[in-house]
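Just the one chain here, laid out as structure tokens, in the form predicted alone.
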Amino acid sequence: MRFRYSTAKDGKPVKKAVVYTPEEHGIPLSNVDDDAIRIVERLKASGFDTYIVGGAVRDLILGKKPKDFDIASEASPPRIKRIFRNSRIIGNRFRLVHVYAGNKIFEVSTFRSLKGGNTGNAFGTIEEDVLRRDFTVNSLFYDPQRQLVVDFVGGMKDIGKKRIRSIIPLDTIFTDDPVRMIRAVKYGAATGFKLPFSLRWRIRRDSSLLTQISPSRLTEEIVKIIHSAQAARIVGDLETLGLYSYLQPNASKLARENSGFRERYLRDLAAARDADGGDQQPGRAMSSLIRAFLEDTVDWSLGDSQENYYSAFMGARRFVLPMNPPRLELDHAVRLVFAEHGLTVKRARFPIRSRPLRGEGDRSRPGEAGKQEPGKPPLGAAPLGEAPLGEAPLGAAPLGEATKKRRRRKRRRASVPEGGPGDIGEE
């Protein structure tokens, strides 16, 4: 075991971090992505202190092979972009750099300062950056070049004790960013670690702060959950702590009222990832959110008519609110559920009007959560004169194939930075 020191104002050395050697942390270098190593080495060769950080380091210590590798460096975003020609600066408030290597994207951030509190965006030192992170188990820095783990906050000890401990004080950690409550539950489920009583109590008390979060951020978190191998456990823990009612209020309400629905809902979440051996077909994970609901509300005797499918689609769309998934993914998900009943729906434009789902508006049925007040349009319906579900406005001429192809080419060109998808070379 080694130690990292800094110099105090009086000139005396101050112990800042514990440094763990390969024999102590036990990370096999073979579990570290080769491109992540090359990015770290390139930045270090340019004179910038750089590390692999976050959940990847935690998983490496636990003997897992991470899928995503985040990197933190003292290099500024413009400097990182100059070093890697196949990269892009993203974000307005929190500026990051995405470095592309083949079909992989590596997120490279700059060390943050404590100026402006835990949500400020000033760049700083590694000692400040670690105090901006949420939980100790995600605050370890790994140098793959020297194979050392740098621990400023006791994260290695917390991994040994199997506990999730916050770095930011509990009276501000969730007021600064309520999504950290969801992350705490996810980390606990992913690692099997316990959340201390004080942390669980604070989550219960501050759960209503999630009402401040935009639907887009909630959608991002739900998508991560349903693609996780621990989706069922995460959702079960979120429900226990009173958080799931803010992410999926309709599903949470039905689960509390109907134990059979809850059992099927969690079973679908657990089975979705295993169905394709991790290589999921489009809509597979999304179907786990809506299968139990559709089973209880769709009139399957109506067969594979477009009207029946459209009613199911709109019912599913209202059911997952405030989540707003991409239309194509939800379309795949509904079709998967229909296919499980031996029904194949032909692709066609949605009609403007359609018969409502069986049981919609009837409080005695599971569709109660999607009930609308009389005289109000259905949840998710487009305003008058606008097209539903992102289609062309009513009365507008359909886009020609040439126009569609031009737009697709523009999107493809915009999505890949100059230099090609397989190049992380230096300019």
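Because the structure is predicted, anything quoted here is derived from the model rather than measured. From 1 onward, residues are counted along the sequence shown.
We do not show the form predicted in complex with ligand ATP, though everything after this point is about it.
When you look in the predicted bound form, the only residue of D158, D151, D134, D237 with a non-hydrogen atom within 4.5 Å of ligand ATP is D134.
For the options H98, R262, R163, K186, the one in contact with ligand ATP in the predicted bound form, meaning a heavy atom within 4.5 Å, is K186.
The partner is not drawn, yet in the predicted bound form one stretch among 178 to 186, 328 to 336, 302 to 310, 75 to 83 has residues with heavy atoms inside 4.5 Å of ligand ATP: 178 to 186. At the 4.5 Å threshold, heavy atoms of T297 stay clear of ligand ATP in the predicted bound form, well away from it.
At a distance threshold of 4.5 angstroms between non-hydrogen atoms, D33 is out of contact with ligand ATP in the predicted bound form. Taking the partner from the other structure, ligand ATP in the predicted bound form has no heavy atom within 4.5 Å of any heavy atom of R256. Residue contact check for R267: none of its heavy atoms lie within 4.5 Å of ligand ATP in the predicted bound form. Residue K224 is the sole member of 223 to 241 found to place a heavy atom within 4.5 Å of ligand ATP in the predicted bound form.
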